[in-house]
Every structure is written in C-alpha cells, then in structure tokens.
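Form predicted on its own, single chain, as structure tokens, below.
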C-alpha cells in the first residue's frame, strides 16, 4: 500500500471511504485520507525517507517502509508529532523476537499493546491515569491504531487471510497507554530496561489474555502480591525454546494497589522479586500452573490507572518478547 504506486482521485470523502472499505484498507472505522502532502509532512517531521525500511516479516515476504507507516498513521488520525512513536512501535513489533508472524496470525487473537514512557507522555497528553486503557484520548487511540493498521494493511493480518483468530478482540483496534511515572518514586519501565530517564520510548508487548488480579480487601503488600501470584498461576506461562529465558508478563499496577506498595516502601524491584520467586513454586493442581519467566526483570511492572478499583491488570504473553525502542526526537 503506497501512494506513489497507487494514486487515486475521489469526488469527495464519502467516495474515498467507501473505496477504502471495499479494498479492505480500514479496520472497519472511518479513516483520515492519507494525502501525499500529509504523508510527506509526517516523514519530514520524523526525518525519514519514504523507502527507509523499518522492519520485515520474512515468512510473509513483507517489508515495511517509513512511507507505509506514515500512510497508516495519517489514516489512524495521528497528529504529525506522534509519528516518531508510531515508527518506534513498528520497529519494536517487527523485531525478530517480537514475532509478528505468530502474534498476528494466531488462533488466540493476540493483542499488541504500546506502552509509552518518558517526556513525550506529558507533551502529548498520553493518558496514564483514570480510564487510560479505554477511549477518549487521542494519542492513546491513534498511536495504538496506527500500529494495528500497519499490521493489517502492510503485514497482511486480515481476518480470514493471515489473521486466523477464532474470535479476535476489540483491543485489536488500538491498545496504547502511558506509565504514570509521577505516581511515585518507582523506577520507570524504560529506565529499568536500560534507557535514560530523559529519553522517550515505546514498549510493544503481545499478549493472549488480559486478566484482572482484583483484591478489594487486602491491605498489605504481601497479601496483594500473593493475589497477583494466584492470578498469574491460574493462567500459567508455558516455556518455549525459541523465546528462551527472556519471556515477559506485564503487570499494570492500579492506583489502589500501588499506594499500599509505596506506603510499605516496596520498590518495583521488590515486587518483581517477590512475584518471581513464587510463580516458580511447585504446582498444586490444574488451576495452579507454572509461569516460565526466566528473570525477575521479565515481570514488567507499570504504574497506571485511576482511583477506585483495587486491581492489577496482567497481560499474559503470547509467543514474543516485549521490545522497547527509543522514540527519536521529531524534526520540529
């Protein structure tokens, strides 16, 4: 899908939209027309040439260029300044260990989430608090949607074709949020993963199950952490030779759980080590499963969400590593 290869002229927006629906170029929702001028503006701001390669899917003979990403970012409704985040997300997803082929073609309908860290969260207003996993926030909605449109339009993950999901998921329209780095002195996700605090990053994680560890009654860190362990083990995480020891699970720690950890002085590392030690204990039955996470750091702890529900949401992985990439500064 490239404007250079397939220029089209339409009488009006309605005609364009109906043609895009007919061609299968949308996710079922209306799109912004990717005019040559808009696409070039995105590329110029990011300092990218149209044919610069962002990654590939060798099993599908697919190569994804910067122009592909720009077209789909425009269609998704991104502001131009968001485009470097889309580029970073596409590069992360197309990393070999991001396993695009499997995570976008699986029967389970795996979902790709984009987690944003660093200064751009506040510059763009990427939601990390109340309602951050839902609708109503333009950067969250459009950055996540842009990645999914690239997966559909360029990586060919179309239902009934290379997307074999039995049911799929509404989270496949878009799933993007930011870490609430200001909530406490917890080390931000990207810093834990080796990046500088002043850098902005995206982390793309593909997951199969989105599971709440709800605990409305516990008031101690140990009890809350044990409820998270119980939920993780109820699903389990299988081993995989290709993935090796660097498997990941994402734990989105909600505000109510977070405050108890802070009050008792638990750091992210404390929580990671406590969980990791207990997810490897011997299993006790069919509803208590081993979780194959090789290292405590493989449990990606992210602070987000608003007040009210005492929950930690777990993104139980599909066959991929979580990949973090730098958002290169826009050429403003």
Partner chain sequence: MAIIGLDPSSGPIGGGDTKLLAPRPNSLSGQVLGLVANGLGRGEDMLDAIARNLMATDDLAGVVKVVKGSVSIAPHPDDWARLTEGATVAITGFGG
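Not measured: the values here are computed from a predicted model. Numbering follows the first chain given and starts at 1.
Although it is not shown, the form predicted in complex with its partner chain is what the next lines describe.
Taking the partner from elsewhere, every residue among 9, 62 and 240 has a non-hydrogen atom within 4.5 angstroms of its partner chain in the predicted bound form. At the 4.5 Å threshold, heavy atoms of residue 34 reach its partner chain in the predicted bound form. Using a 4.5 angstroms limit between non-hydrogen atoms, residue 319 touches its partner chain in the predicted bound form. Contact check for residue 117: no non-hydrogen atom falls within 4.5 Å of its partner chain in the predicted bound form. In the predicted bound form, its partner chain sits within 4.5 Å of a heavy atom of residue 20. Proximity to its partner chain in the predicted bound form, taken as a non-hydrogen atom within 4.5 angstroms, holds for one residue of 158, 183, 197, 187, which is 158. This chain is displayed alone, yet in the predicted bound form one of 102, 192, 169, 122 has a heavy atom within 4.5 Å of its partner chain; that residue is 102. Of the candidate stretches 268-276, 65-73, 293-301, 44-52, only 65-73 contains residues with a heavy atom within 4.5 Å of its partner chain in the predicted bound form. Using a 4.5 Å cut-off on any heavy atom, none of the residues of 189-205 reaches its partner chain in the predicted bound form.
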